[in-house]
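Below sits a lone chain in structure tokens, taken as the form predicted on its own.
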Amino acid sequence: MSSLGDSVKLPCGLVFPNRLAKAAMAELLAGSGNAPTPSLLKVYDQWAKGNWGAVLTGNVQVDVNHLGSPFDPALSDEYTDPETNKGLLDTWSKYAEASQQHGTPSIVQVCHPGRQSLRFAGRRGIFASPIAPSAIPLDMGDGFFQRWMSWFVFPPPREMTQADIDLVTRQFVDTARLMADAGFSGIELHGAHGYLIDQFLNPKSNIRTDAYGGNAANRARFVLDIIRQTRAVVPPTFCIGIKLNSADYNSSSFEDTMTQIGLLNEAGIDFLEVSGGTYEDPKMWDPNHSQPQKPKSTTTATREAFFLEFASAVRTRYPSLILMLTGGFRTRAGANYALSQNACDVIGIGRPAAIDPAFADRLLDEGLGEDEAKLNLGRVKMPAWMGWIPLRAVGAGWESSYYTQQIQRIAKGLRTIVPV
């Protein structure tokens, strides 16, 4: 059995010195310029000291016109080469240096929100439509209020043309080139949580009848083109991973998802992160949502991993694929259990890292007993008035924003506050 302190070597040759990765979380520290700021660098300096096997950044958007939040870091201009875009490269190189100055590999989570771009986020204008594989708006509920709020916050998208697809593909590739030139160790394509890549992969949001829709393989073409074109322009040692949503075992999409994972594996991804949830169905963030695929065992260790069964199924189909499992880990025992089941190679830690930047040190310290190698996180209390808003995503968003606030406290040098 692998231990948390064992190293992991990816197919590209990159080595994670241990099996604990600080997972991607929203920082909202890019400011109005949507570029890495000194505050953002301070946070990553703290995580870099935390003895993580890898540090994954929060979303870096490939197009400043389409943002998930108003303060996401994003490419403000087309990246051509280091000489032409020296200022842009210098800015991002400082981010890479802060994230990796203590020897921990840093992986940039690269994203396009697609139809999940807030009306007031990005520079496209508040009346301009976001883009998506198909012109299907977000479904936040059947009631009048839910439909109105969905329209107000997330404008109905327009279907992407071939020119749009070509442009966004190039933006993903350009972003990857910039991150490689800046000195980061790799990228992770965000293909989960309902963002654009996930929208292409999912038959509920992709009803195209051209080469990008109609079956599982066609729906994967968009991301496969991004991977193929990126591989051609980055060093062979540069990591390319991807985050995907887990599928419901009872759904008809399970085999389609496995087919798509097989295609990604053949394309040469270095790792697959298993996660879950979307704005429409916030499994990952909603504290009141019963966790999907809950293991039959009721021990604490087995309950920690939200998506353990799905990861185990992927392992059975694709045993050589490096898997990262994220969602729910709070204890050394829970992390060790997931490794003991051969369900994954890397444990992704999110919210505990927003409270304690050196949480990995706590889990790796063999001098600490099991009762100390953990972090108990209570439910974040919502204001009473929020209970009147009939949107499940509101509670999930409040929970998520609490941990973003803790990240911002780290940036200010303040003590974080554990929810109890």
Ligand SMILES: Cc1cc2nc3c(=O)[nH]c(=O)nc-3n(C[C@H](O)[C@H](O)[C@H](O)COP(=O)(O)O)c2cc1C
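Residue numbers run from 1 along the displayed sequence. Keep in mind it's a predicted model, so treat the numbers as computed, not measured.
Just so you know, the form predicted together with this ligand exists too; it's not on screen, but the next bit is about it.
This ligand is not shown here, and in the predicted complex it never comes within 4.5 Å of any heavy atom of residue 10. Put simply, residue 109 is close to this ligand in the predicted complex: some heavy atom of it is within 4.5 Å. Looking at residue 26, you'd find a heavy atom of it within 4.5 angstroms of this ligand in the predicted complex. For residue 157, no non-hydrogen atom is located within 4.5 Å of this ligand in the predicted complex, even though that partner is not displayed. Against this ligand in the predicted complex, the set 68, 116 and 133 makes no contact: no member has a heavy atom within 4.5 Å.
Here the chain stands by itself, but in the predicted complex one stretch of 121-129, 84-92, 141-149, 343-351, 343-351, has heavy atoms within 4.5 Å of this ligand.
Taking a 4.5 Å heavy atom cutoff to this ligand in the predicted complex, the contacting residues in 311-331 are 326, 327, 328, 330.
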